[in-house]
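There is one chain below, alone, in structure tokens, taken in the form predicted alone.
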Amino acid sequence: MILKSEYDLVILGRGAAAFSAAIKASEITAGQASIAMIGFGPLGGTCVNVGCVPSKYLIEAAKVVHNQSHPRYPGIDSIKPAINSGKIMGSLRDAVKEERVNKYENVLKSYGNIDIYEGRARFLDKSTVIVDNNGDSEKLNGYNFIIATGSSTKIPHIEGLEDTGYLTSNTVWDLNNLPGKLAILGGGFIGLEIGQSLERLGTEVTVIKEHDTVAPGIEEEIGAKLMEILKSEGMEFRTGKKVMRVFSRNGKKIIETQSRRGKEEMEVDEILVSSGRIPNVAGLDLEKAGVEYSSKGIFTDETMKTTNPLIYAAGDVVDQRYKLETLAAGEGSIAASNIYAGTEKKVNLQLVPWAVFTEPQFASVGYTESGYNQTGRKSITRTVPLDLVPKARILREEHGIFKMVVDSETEKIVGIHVLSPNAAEFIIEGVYAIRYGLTFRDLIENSHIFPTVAEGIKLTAQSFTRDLSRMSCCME
């Protein structure tokens, strides 16, 4: 490959946002735009390598174990499956490699206009970056730039943590032997997914966090139900506790916490840090490019343009509340479209669905009840327990909640939040309802497939006007 020193588009990053932007720009220009993509480590970024793909693989493997040892139907005996953690983790890494090759490495072969640079990029000025790679440097000029460098695990400043050692959602996939006892610091959504999976595979899991809620950004009653379910499977939650220090003793890791009850110690085999993520802005020298940012990320407008009109940003590196692979890809595509198609496409975060792949799954789109009321408008809400959904009863999965938030005046749906089996599969109905301004009455007037868990969304809409306990199945 012959590399150039000047490009139409220079992309900093090689993950979901970067690939989406590069492909979109290539499509719009019929492959005529010269594109440089700069980064380090495996192609594909967080999602395929250390995020969505390995975590969902582990979740599904653990689900098989759980279902065999906890059959849901009378007449089916429980069995204790033999677990070879080394083979599970090895096959997980093979699956990651396969996805990376198929969806990133092989995809690049179709785009001769995209050059890949290995190294760390930093701005020299508003139109130039330097790529540093093991002592070698290369200067690239660009007419336009997209910054898509992603995010990294936020590591809290805890005495002794670095010396004692810890896992993150980046490194846990390197394990072969799963720990007997694991402490999760912070209990973010990624930590909950990994924690439940490891618990199902035989690890004793304890979540330690300062706050009493299961995780931020989730409706209070749904969060409480999710914590209740995870506890019922054996996960322990120690809330209201601040980790003061970590140290080693007799080959174990000791965590010292402080609460209103005083100091406590906990002995574990391993520690997983799950306290959020921070944008990868360090070392980019954004000041030299006229790009403003904070510790929360790069400032952009809704079109993904930064304070330098020739530079856009997309994905986790942006100052925004969601850090999702699908959002990153969408923003990368929007940035490329606005650069090369002259569009003014915008991102609407109220239409971005997100999910947590615990069992049951949590999925959400739009405003929470408190979030909508904080806008100065008033909402009315309904919650429906999962056990009122016929398909859930058939599945013997009756622990969950549906919640719908609507505007009190217009009756338009502004938020839908679900804790149920397969919630991530059907939350898209909430996206369309909000996007097209549907009311809860519009959902009632359209038939849903019976029996499905997704029917819970219609039942929640119906609960605004009638008592569900007085309805027959499929009542319109």
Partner chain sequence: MVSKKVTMRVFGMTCDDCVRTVSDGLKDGGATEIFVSLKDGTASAVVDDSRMKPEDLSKIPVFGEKSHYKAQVRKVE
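Numbering follows the first chain given and starts at 1. This one's a predicted model, so the numbers in the text were calculated from it and none came from an experiment.
Keep in mind that the form predicted together with the partner chain is not shown, yet the notes after this line are about it.
Only one of 425-433, 60-68, 31-39, 404-412 places residue heavy atoms within 4.5 angstroms of the partner chain in the model of the complex, namely 31-39. Among heavy atoms of Leu201, none comes within 4.5 Å of the partner chain in the model of the complex.
In the model of the complex, at least one heavy atom of Tyr143 sits within 4.5 Å of the partner chain. Not displayed here, the partner chain is kept clear of Phe123 by more than 4.5 Å at the level of heavy atoms in the model of the complex. Residue contact with the partner chain in the model of the complex: Tyr372 places no heavy atom within 4.5 Å of it. The partner is absent here; in the model of the complex, the one residue of Val172, Ala183, Leu226, Ile339 having a heavy atom within 4.5 Å of the partner chain is Ile339.
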